[in-house]
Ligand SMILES: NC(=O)c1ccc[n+]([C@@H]2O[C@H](COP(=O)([O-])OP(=O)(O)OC[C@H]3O[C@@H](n4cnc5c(N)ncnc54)[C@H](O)[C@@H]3O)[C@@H](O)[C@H]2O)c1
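Just the one chain here, the form predicted alone, laid out as structure tokens.
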């Protein structure tokens, strides 16, 4: 196989803004041969824009023309399309999150293992230069045994007011399943994929359900808004590590904040920007070491997927790891919905 034949399923913003351009940049290794969208007009417009030869309304008819597909549909359809593609003998790169439920993730993994076809999830934060530097530092003992992880994925009044982002039926959730999942996945990867044992979570959407709110990313309908715009959680793992997690689309804060730090026995790191903290005798030492690799996470993600399909590399994002992110998110939502709370005595 000289060039991997790629199909794109769903040609909305993430397809045209990230996936199609990076695959086009790798034209010596991959060729986008077809696109599919339930809106056939939009599919044809995307094909014309990028010079893609074939257009389909039904993605199933695409499988005969491709070796792999990138799935960019609403979350509700990730599992169904992935399983059908894998069973048709087609490799799959699926946009995050892997699926809305763990049960759906398990079906996707079973199909991949049965067909021996590649399945990866587009958690592109792992490919950021800061994340790669942090991973290397951790593997060389920069923090020793990790103890406490702090994660913030916070935006100030930036609820995505377009598409289906606030549609719970199609997406399964809001700020957590759309944005917070990236930082949650990154934390788990840096920690070496630990097993969660307890999750306490709380979700909010009061702000976005209040009429007249300012929103930088377009108007939102406060009456139909039915997903989370704030989420907090405390997660503990089998190895004793604890993770304090917070995400929001609409926080009333000074400015947006992406933060991931790990405090361990021998030192600590912060990912954005990458910094390393340690002590030596009576000295505190802080190292700011800008990573030397390029900051093109979408491109690195595409290259890794192509290499894996060609049998030339191991996946950076493995499906069982991505399923763990869905498992924790599912636990956060269930914890918030549950009436069983741990209460202090009066």
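Residue numbers count along the first chain shown, from 1. Because the structure is a prediction, the values reported are computed rather than measured.
Although not depicted, the form predicted in complex with the named molecule is the subject of the following passage.
The candidate site formed by 126, 130 and 273 is entirely out of contact with the named molecule in the predicted complex, as no residue has a non-hydrogen atom within 4.5 angstroms of it. Heavy atoms within 4.5 Å of the named molecule in the predicted complex belong, among the stretches 264-272, 214-222, 73-81, 144-152, to residues of 73-81.
Comment: the named molecule is not present in this chain, but in the predicted complex one of 122, 137, 119, 227 has a heavy atom within 4.5 Å of it, namely 122. Although the partner is absent here, residue 327 is not a contact residue: none of its heavy atoms lies within 4.5 angstroms of the named molecule in the predicted complex. Although the partner is absent here, residue 171 sits close enough that one of its heavy atoms falls within 4.5 Å of the named molecule in the predicted complex. Within this chain, residue 59 lines the site of the named molecule in the predicted complex, having a heavy atom no more than 4.5 Å away. Looking at residue 24, you'd find every heavy atom of it more than 4.5 angstroms from the named molecule in the predicted complex.
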